[in-house]
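First, one chain by itself: the form predicted on its own, in structure tokens.
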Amino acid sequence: MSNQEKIVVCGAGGFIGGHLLADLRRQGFTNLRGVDKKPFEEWYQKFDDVENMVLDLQEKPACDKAVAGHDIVYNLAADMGGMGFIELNRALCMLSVLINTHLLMAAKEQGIRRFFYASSACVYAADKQTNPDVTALKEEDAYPAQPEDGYGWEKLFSERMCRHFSEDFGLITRVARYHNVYGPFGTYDGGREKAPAAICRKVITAKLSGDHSIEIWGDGHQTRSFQYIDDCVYGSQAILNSKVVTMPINLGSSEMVTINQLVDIVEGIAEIKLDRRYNLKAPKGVNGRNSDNTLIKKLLDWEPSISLREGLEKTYRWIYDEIKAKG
């Protein structure tokens, strides 16, 4: 892709959107537009050399304005968070369908060249994720459909919208199913944070306060894979630019751990050992989920490879500095 391409990042004020814009700038792209609903001062990363727009992308006129005059659209915009948010805000998650629908309509009308949609592993059928010792999820495991209620249904529906806009109108769309993305410059408290950031915050708080205990949601045996943000940003661009990735595809690490093992790693980074309290009534999601990377390795000759330990060290350091700075 020429660095003269005009690129719009929707959801630019969020965690992944901010990192994507930062990476595009590093590559020399200069015709960049960032769009988000949040006030600009609340964006996680802010760049004065980017055209920044505050718009509610659930509204069609806002989507028209967001994509006008550009070539490429990355749609990372959604009302979402960790499992604590998803399970308690299903209607809000479903309403994100307006964002992708209106962006697709605007992209079709204004001749956008390529359109990227950030989907989620929450599209996968629940009955394939009942055991912590889960078989890694292949792309075809999304059907017969039984996704995460609310958030997962919205993502699966929006995937189909991308497919049909390609089939019916010739809009080139690419869809990546993100698996648990984490890293610095993101949410680590307030209820929307995901497990890696939440565990880092809890361990840091325990260390700084002297209360050497930690609450873990669930029994700690549920399994996940966690993808560091740098791999997600690289993979998203590779998928968008690919000529052969024409179907929704996994974008996630295949390094599966239990939540207990995740806590072990963060404790090791912090050089502390905590007493663990298990909250069995808290939201915990499915019992097991991991990414089968057979397809992405075949089509792109690549898969996410940054180890969980390496990524957590960087994430822990950033969250620690943030908490210390707030006193």
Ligand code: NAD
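For every residue, the number given is its place in the sequence shown, counted from 1. What you see is a predicted model, and the numbers here were worked out from it, not measured in a lab.
Although not depicted, the form predicted in complex with the named molecule is the subject of the following passage.
- Task: Have a look at Ile72, Leu137, Cys200, Val181 for me and say which one sits with a heavy atom within 4.5 Å of the named molecule in the model of the complex.
- Result: Exactly one residue meets the criterion: Val181.
- Taking the named molecule in the model of the complex as the reference, which of Asp264, Asp56, Glu51, Asp275 has a non-hydrogen atom within 4.5 Å? Result of the distance check: Asp56.
- Could you tell me which of 201-209, 215-223, 149-157, 106-114 sits within 4.5 Å of the named molecule in the model of the complex, going by non-hydrogen atoms? Among the listed stretches, the partner-contacting one is 149-157.
- Message: If we define contact as a non-hydrogen atom of the residue within 4.5 angstroms of the partner, is Gly11 a contact of the named molecule in the model of the complex?
- Response: Looking in the model of the complex, residue contacts with the named molecule include Gly11, since a heavy atom lies within 4.5 Å.
- Message: Considering non-hydrogen atoms and a 4.5 Å limit, does the named molecule approach Ile16 in the model of the complex?
- Response: Close contact exists here: in the model of the complex, Ile16 approaches the named molecule to within 4.5 Å, heavy atoms only.
- Task: Check whether Arg174 has any heavy atom within 4.5 Å of a heavy atom of the named molecule in the model of the complex, and answer yes or no.
- Result: No, Arg174 stays farther than 4.5 Å from the named molecule in the model of the complex.
- Closest heavy atom of Lys65 to the named molecule in the model of the complex, within 4.5 Å or not? The answer is no: Lys65 has no heavy atom within 4.5 Å of the named molecule.
- Which of the residues spanning 74-95 lie within 4.5 Å of the named molecule in the model of the complex, based on heavy atoms? Going through 74-95 in order - heavy atoms within 4.5 Å of the named molecule in the model of the complex - the hits are Leu76, Ala77, Ala78, Asp79, Met80.
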